[in-house]
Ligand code: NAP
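A lone chain, given as structure tokens: the form predicted alone.
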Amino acid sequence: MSNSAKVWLVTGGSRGIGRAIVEKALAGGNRVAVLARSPNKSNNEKQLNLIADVSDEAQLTAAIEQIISQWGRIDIVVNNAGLHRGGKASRLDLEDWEAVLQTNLTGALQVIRATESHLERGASIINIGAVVGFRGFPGDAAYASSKAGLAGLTRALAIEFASRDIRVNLVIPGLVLTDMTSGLSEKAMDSMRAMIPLGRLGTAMEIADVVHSVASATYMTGAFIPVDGGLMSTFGLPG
């Protein structure tokens, strides 16, 4: 591994935005550990596929140990694993609420706790947020709460880890073309596009491009970076 190559850990890296982040890292000559409940098969020697659920501490610990055993370190952690279960508050099953928070928020913390001792100065942690964490949408209480919590966790850990020169930032995708959105009706897609100043949905690779820029931004920590076609500019970020 060259001096410029990095070891990435990407949770939820088997599809969508996570997969795009993995592909871009590999294309840059890096090594990538893909942590997912059902990772894709790959013969690329620079990709390590690990089966683990971020909400399962034992599975997570075993996966991190395997990365360290094989590559000796972790330079960049991307908390992308996510679970979405909707339902208005009066009808939201508490088991769904707990499952979403366990994956999206507690899972991210567990990944950080499991990797922290292996991160050296200059390491980068990137949490993947969501617009809904800042702008309310009916029927999205669980997901919105988990992503809002992730924003708070990002800022707290950015301060906590700063003395060790470990950066923690939040990338906030907007509406992105994925397997999930591709199944929407044309009417629904038109309605979504109408909310976005750029007039279109983003692509997973456009999000990945920003994640990689943030990973190399050595004077950025505690930052919230929207990648949303201007959607959040219509209501702004909290101070």
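Each residue number is its position in the shown sequence, starting from 1. The model shown is predicted, which means the values in this text are computed figures rather than measured ones.
The form predicted together with this ligand is left out here; the points below concern that form.
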Where, among 25-33, 63-71, 167-175, 41-49, do residues come within 4.5 Å of this ligand in the model of the complex by heavy atom distance? 167-175
Counting only non-hydrogen atoms and a 4.5 angstroms cut-off, does Ala81 reach this ligand in the model of the complex? yes
Can any non-hydrogen atom of Gly16 be found within 4.5 angstroms of this ligand in the model of the complex? yes
Can you tell me if Arg37 lies within 4.5 angstroms of this ligand in the model of the complex, counting non-hydrogen atoms only? yes
Taking heavy atoms only, is Asp53 within 4.5 angstroms of this ligand in the model of the complex? yes
Since exactly one of Ile125, Ala130, Ala108, Ala142 fits, which has a heavy atom within 4.5 Å of this ligand in the model of the complex? Ala130
